[in-house]
Ligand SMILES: Cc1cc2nc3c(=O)[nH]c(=O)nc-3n(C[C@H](O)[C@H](O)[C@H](O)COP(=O)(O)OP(=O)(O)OC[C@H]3O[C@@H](n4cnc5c(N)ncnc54)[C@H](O)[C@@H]3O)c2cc1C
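The chain below stands alone and is given in structure tokens; this is the form predicted on its own.
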Amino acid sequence: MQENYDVVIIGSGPAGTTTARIAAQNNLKVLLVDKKQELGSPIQCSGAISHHGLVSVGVSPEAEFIHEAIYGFDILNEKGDSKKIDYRQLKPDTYGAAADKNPLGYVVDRRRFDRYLMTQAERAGVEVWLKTEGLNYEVTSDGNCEVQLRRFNQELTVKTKVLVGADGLQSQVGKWAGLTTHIKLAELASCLQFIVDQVETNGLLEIITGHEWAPGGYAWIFPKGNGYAEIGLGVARTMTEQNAQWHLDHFMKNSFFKERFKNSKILEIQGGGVPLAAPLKTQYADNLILVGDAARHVNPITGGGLHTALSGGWIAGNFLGDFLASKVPATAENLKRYQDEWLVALGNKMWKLYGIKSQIFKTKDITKRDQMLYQTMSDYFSPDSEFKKI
């Protein structure tokens, strides 16, 4: 007997699990599938997210998944000139380590965080199938669609009203619907980070700009708790002849931080591709929507995708609750409302950020480009930034 669902979601990262949880809380029957057997792996992100980014989508900050509290930023240029934005000093009545105050944000353990989000989805009533690969989908004559899956090497078909692609960069689900999901090499940052011991941190996310250290991107030092730190960078491969490992070694051995790094011990190595691209222009098709990395809901300046994944999942889950209750056909024309809602909430500002980013990296003069990126990053993380919730 064929199983019937209101929503089937392929991909169990933060965007997929948040969409699933919110849809289930809106009384929808939801199936969430993922081809992986281990959540949050491989780790391709630094795990930084704001306090607002969690609580705004109904996720309580829990010690279970938090590595370290964050209180602000330190933005440095290629020479080491620094602009500190420490909210413990800017807004001491609100931000701090005391019980009656909040951190500005957190660095989370992605494996534990993804498991936590999955648990919240399951407790909301979501059915979860791991080790299950999506193969294709087909719109049926009754206005629904059938999704072909392979679960434990057995092929099966489930029926659903809407399929959600939350399957990451260059989404296969999007390709099934004929959506353009490929990304230009120039807009894909090659990222590498080391988890290290014996590097002191001070509760700030440190962002280091400059072509000398990270062509087309930036370097970072993030606190990770228990005396550990994340040291990493992202580079655009079209702007350098060297790979990310060469640049990270160069940064650690030759930058103004070399004395700080000299006793560091590398405990873990993580890496992957991060899009610094515009959102997809079309994120919907008949009986289908995309969310998270699959729709390129990634900040094109910072490469941050955790907050935007949660926010996009929140928007998608609530949209589906209202949409399916309205009983209108799940045509592309009707599902376009999802993208329209997302644009108003997040997308229009992400498009604006993409324009700023494009202008910076079209600048041929490296000195001028470095100055533009440093100023943009300093403005972006300032308390009065128009982008602070993106």
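Just so it is clear, the model here is predicted, and its values are computed rather than measured. From 1 onward, residues are counted along the sequence shown.
Another form exists, predicted together with the named molecule; not displayed. Remarks below refer to it.
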| query | finding |
| --- | --- |
| is_contact(L306, the named molecule) in the predicted complex, heavy atom dist at most 4.5 Å | yes |
| Touches the named molecule in the predicted complex: Y87 (any heavy atom, 4.5 Å) | no |
| is_contact(G321, the named molecule) in the predicted complex, heavy atom dist at most 4.5 Å | no |
| A177: touches the named molecule in the predicted complex, heavy atom cutoff 4.5 angstroms | no |
| One residue of T209, Q193, Q283, N287 in contact with the named molecule, assessed in the predicted complex (non-hydrogen atom, 4.5 angstroms) | Q193 |
| Interface residue in the predicted complex among G227, G143, P92, G273, criterion: non-hydrogen atom within 4.5 angstroms of the named molecule | G273 |
| Contact at S12, E133 and A166 by the named molecule in the predicted complex, all three, heavy atom at most 4.5 Å | yes |
| Stretch from 27-35, 60-68, 335-343, 354-362 whose residues place a heavy atom within 4.5 Å of the named molecule in the predicted complex | 27-35 |
